[in-house]
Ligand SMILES: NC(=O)c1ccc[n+]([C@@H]2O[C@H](COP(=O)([O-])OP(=O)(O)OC[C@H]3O[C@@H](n4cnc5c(N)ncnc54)[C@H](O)[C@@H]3O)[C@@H](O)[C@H]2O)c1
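Just the one chain here, laid out as structure tokens, in the form predicted alone.
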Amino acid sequence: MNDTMRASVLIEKGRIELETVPVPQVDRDQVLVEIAAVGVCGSDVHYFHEGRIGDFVVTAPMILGHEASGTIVAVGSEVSPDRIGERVAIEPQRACRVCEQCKHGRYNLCPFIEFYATPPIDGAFAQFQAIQADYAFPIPHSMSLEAAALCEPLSVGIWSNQKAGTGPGSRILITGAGPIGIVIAQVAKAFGATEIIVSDLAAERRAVALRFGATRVIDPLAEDVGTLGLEVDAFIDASGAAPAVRSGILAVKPAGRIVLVGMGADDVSLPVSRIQGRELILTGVFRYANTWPLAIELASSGRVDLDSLVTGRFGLSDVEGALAAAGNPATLKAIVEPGK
């Protein structure tokens, strides 16, 4: 192998350049993956346009991209060489494994976690990337590498539904029919939900939601979700919009659950008396933990359709084009293929 590779580097806010950079060094417990596909996430778009997400600030050139898959081409000294050649879905994080959160199985909340494309950790818009061997999950031959990359947003959908307590017979409200909202809807159906209501401003996305498992869609400009008497078991917000969060909370039945997934304002006004009076359970979602085996099973079995989410493919030289496409309501998932 060469010592260098091509990578699309975020030089500064609003500026990405294709550069030649060193191939990542592989630690003794890591594998080196030749990247085949990388999904574009809203966080990538946010870092590109804003240079930050909350307290995470881009202060030096950084490679974006964290929804990744590929083929193992090298291994560290503690990893079996038999793994070379495996097609894998990458869980793009590295926890310390010894802190209180890690020991309780909540490694996504590890205060020392390193996550692809979160400053200062480089992501996967590159020809190669390294990851701990147990975070590189083999996929069946029947599963595409594009679907393997999208196990990352699928994991968000799994984690969100687990937080919501989704199960057979559940009635779920989802606000936001972007890629994450659509994946959440698919997982809700796979978990046995019988009523999946999706609200979104865009008619195109409401139509997509119906194709991917929604049993009913709502235009929030035409109908107030909070006054329809929905009385759902759980509400999952995938929009980050304050009005959607507030109206969704009003649609939850007593003792129901509220799960906040979408990235929006740091502070919003909530109907606290409603939350108290109905003993609603409200939680956030910060990534995921222990979801990849289930994600691979749901995708490879066909219970969740990831391949149909792909609406555009781009090479490393056109990552800006991929980021722009991700902001189009007609786009579900733009994929960057570093091999192009």
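Numbers follow the displayed sequence, beginning with 1. Predicted model only: the values in this text are computed from it and were never measured.
Quick note: we don't show the form predicted in complex with this ligand, though the next part is all about it.
Engineer: Give a yes or no for residue 261: in the predicted complex, does one of its heavy atoms lie within 4.5 Å of a heavy atom belonging to this ligand?
Structural biologist: Although this ligand is absent here, residue 261 would touch it in the predicted complex, with heavy atoms inside 4.5 Å.
Engineer: Might residue 238 be said to contact this ligand in the predicted complex, defining contact as any heavy atom within 4.5 Å?
Structural biologist: Heavy-atom contact with this ligand at 4.5 Å: present for residue 238.
Engineer: So, residue 177 and this ligand: in the predicted complex, are they within 4.5 Å at any heavy atom pair?
Structural biologist: Taking the distances in the predicted complex, the answer for residue 177 is yes, it comes within 4.5 Å of this ligand.
Engineer: So, in the predicted complex, is residue 217 in contact with this ligand at a 4.5 angstroms heavy atom limit?
Structural biologist: Answer no; every heavy atom of residue 217 is more than 4.5 Å from this ligand in the predicted complex.
Engineer: Are all three residues 156, 199 and 244 in contact with this ligand in the predicted complex, where contact means a non-hydrogen atom within 4.5 Å?
Structural biologist: Checking in the predicted complex: 156, 199 and 244 are all within 4.5 Å of this ligand.
Engineer: Heavy atoms within 4.5 Å of this ligand in the predicted complex: which stretch in 31-39, 309-317, 296-304, 283-291 meets that?
Structural biologist: That would be stretch 283-291.
Engineer: Work out which of 94, 205, 171, 257 lies within 4.5 Å of this ligand in the predicted complex, going by heavy atoms.
Structural biologist: Partner contact (heavy atom, 4.5 Å) among the options: 205.
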